[in-house]
Ligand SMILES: C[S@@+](CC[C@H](N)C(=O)[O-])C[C@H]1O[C@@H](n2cnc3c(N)ncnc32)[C@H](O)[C@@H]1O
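Listed next as structure tokens is one chain, alone, in the form predicted on its own.
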Amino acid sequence: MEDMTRATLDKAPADVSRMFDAVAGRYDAMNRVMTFGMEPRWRREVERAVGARQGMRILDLAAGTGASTAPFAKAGAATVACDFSAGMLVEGRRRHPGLTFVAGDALRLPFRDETFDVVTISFGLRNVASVEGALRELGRVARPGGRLVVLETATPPARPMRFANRVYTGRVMPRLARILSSDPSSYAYLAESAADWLTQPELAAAMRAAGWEQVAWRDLMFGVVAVHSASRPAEAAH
């Protein structure tokens, strides 16, 4: 029987949304397990890169339950947690009633042009149907000179680490999911999407193609994940 919650690498929005609806309740806990407790450390690197403070306007896209968003709001920034999974939004509002949650598609964000000082997305960009389209849309809602911060899976530069990462995502992670998750097929997709994802230079090139400048990245955990950053041009190109 076909698993109707199982997203594929076609990344049809309805399938991806349904998949995240199904895992919303345990998603944050499973992330910690699947990353051997490293995920909170990676998110702290995003917090440092964003540098949230009083008076800033921040969009956290693919925010899920708001775990990544809460520190920005705590720092005093006017923060919006945006996700297209209804299940994630329900769970997020339950856990973080003080946060602003908005339903939205990464390719058609429900915000005006030049609204945010910083736009950020963690472990969500590889789930959109058009990476460049999402990057352009994030550029649309960022103010001139505004910044982009992306946390995403990556390709380790060292061959032994690349091999170990492939073994983990291809074999170990799906087995852990079968043991620990009520919906292991969703984690099979997440492993496949990580293995199919862009390398750091490829993502940097996609960011430049979408109109971002001053693109850079920093590898974490030997390049298993990376934090990319960029700026929107101070003046629109003509």
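Just so it is clear, the model here is predicted, and its values are computed rather than measured. Residue numbers run from 1 along the displayed sequence.
The form predicted together with this ligand is left out here; the points below concern that form.
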{"query": "Heavy atom of each of Gly64, Ser85 and Gly124 within 4.5 Å of this ligand in the predicted bound form", "finding": "yes"}
{"query": "Option touching this ligand, based on a heavy atom within 4.5 Å in the predicted bound form, out of Ala22, Ala230, Val16, Val225", "finding": "Val16"}
{"query": "Among the candidates Gly92, Gly104, Pro156, Gly146, the residue which, in the predicted bound form, approaches this ligand to within 4.5 Å (heavy atoms)", "finding": "Gly104"}
{"query": "Which of 24-32, 208-216, 168-176, 48-56 lines the interface with this ligand in the predicted bound form (heavy atom within 4.5 Å)", "finding": "24-32"}
{"query": "Heavy atom of Ala142 within 4.5 Å of this ligand in the predicted bound form", "finding": "no"}
{"query": "4.5 angstroms heavy atom contact with this ligand in the predicted bound form for Val128", "finding": "yes"}
